[in-house]
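One chain follows as structure tokens, the form predicted alone.
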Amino acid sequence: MKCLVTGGAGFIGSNLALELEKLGNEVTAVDNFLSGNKDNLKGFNGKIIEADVSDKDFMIDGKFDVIFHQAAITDPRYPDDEETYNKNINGFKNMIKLAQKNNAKLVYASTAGLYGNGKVPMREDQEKEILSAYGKSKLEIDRMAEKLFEKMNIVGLRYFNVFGPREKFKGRPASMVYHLAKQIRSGKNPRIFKFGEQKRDHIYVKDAVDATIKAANAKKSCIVNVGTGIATDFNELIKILNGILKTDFEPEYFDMPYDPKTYQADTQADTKKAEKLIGFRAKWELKEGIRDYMKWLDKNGW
């Protein structure tokens, strides 16, 4: 299978490109290397193209069977809302054109962020609450995709809170698993918002990649959640990290610096649709995923 991975040097994109290649596929990775990093593609033998997929004149030669579109400005607190929205929309439009030109399947990254502070577990059809330009762009992309369901093979994946190898280059938007573990490992008390009761559906990147590959063989065009269906609060997360890292650091609570109206307090996926339509169910329990991740960080660098 000939695969194109946009955002191929980013967090999920690099893990996806490496796994697709490991499975015997011919993989091309494209990235503009602004938030992605070439170090994420160490060991990758496929073609790497440096380009911004949101450019008006973006074009790529070659025949592809599946396009995995991961490229986007993903930071919900990126300082330029207009740039976030326009780049994400334009990049998606370019991928639609490329997929249609190649008669290729299109699997793209959406986000659980567009559920805002809606009721949990979060269902794909529930009312949306947009908290950022990033969420606004992804909701518009989902709407564009839905209009194409009968015209092409397209699957949107609303990733929940993904953590794991190759995320450190994301900086501030990297997972709480990474940030808290790094603080603990450096001998500091892990810092969380008062009083650590916010919950997240933490999903290991190996599961997210599995879901993404399965989506290429979806029974029909669809948009589905990619999560574990389990929510864990930050206090419990710190207990898990202390256990794995063999430490005993207490959390340091501080006031949230953001307007609560722009902060997603709890996430938890309803996973029924993903199980039915793409055959995905998370395999990694949170503790085992973190343990595997810590071993990877010790070996490959924090």
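Sequential numbering from 1, following the sequence displayed. Note that the structure is predicted; figures quoted are calculated from it, not measured.
Below, we turn to the form predicted together with a small molecule, even though it does not appear here.
A.B. asks: Although the small molecule is absent from this view, report whether Tyr159 comes within 4.5 Å of it in the predicted complex, heavy atoms only.
C.D. replies: Flag for Tyr159 set to yes.
A.B. asks: Wondering, does Asp266 line up within 4.5 Å of the small molecule in the predicted complex on heavy atoms?
C.D. replies: Contact check for Asp266: no, nothing within 4.5 Å of the small molecule in the predicted complex.
A.B. asks: At the 4.5 Å heavy atom threshold, is Val53 in contact with the small molecule in the predicted complex?
C.D. replies: Close contact exists here: in the predicted complex, Val53 approaches the small molecule to within 4.5 Å, heavy atoms only.
A.B. asks: Consider Phe280 of the chain shown here, and say whether it contacts the small molecule in the predicted complex, taking contact as heavy atoms within 4.5 Å.
C.D. replies: Phe280: no, not in contact with the small molecule in the predicted complex.
A.B. asks: Heavy atoms within 4.5 Å of the small molecule in the predicted complex: which stretch among 254 to 262, 231 to 239, 26 to 34, 267 to 275?
C.D. replies: It is 26 to 34 that comes within 4.5 Å of the partner.
A.B. asks: Of Gln183, Ser221, Gln198, Thr74, which one comes within 4.5 Å of the small molecule in the predicted complex, counting heavy atoms only?
C.D. replies: Filtering the options by heavy-atom distance leaves Thr74.
A.B. asks: Looking at Asn102, Asn153, Thr84, Thr111 here, can you tell me which has any non-hydrogen atom within 4.5 angstroms of the small molecule in the predicted complex?
C.D. replies: Exactly one listed residue reaches within 4.5 Å, namely Thr111.
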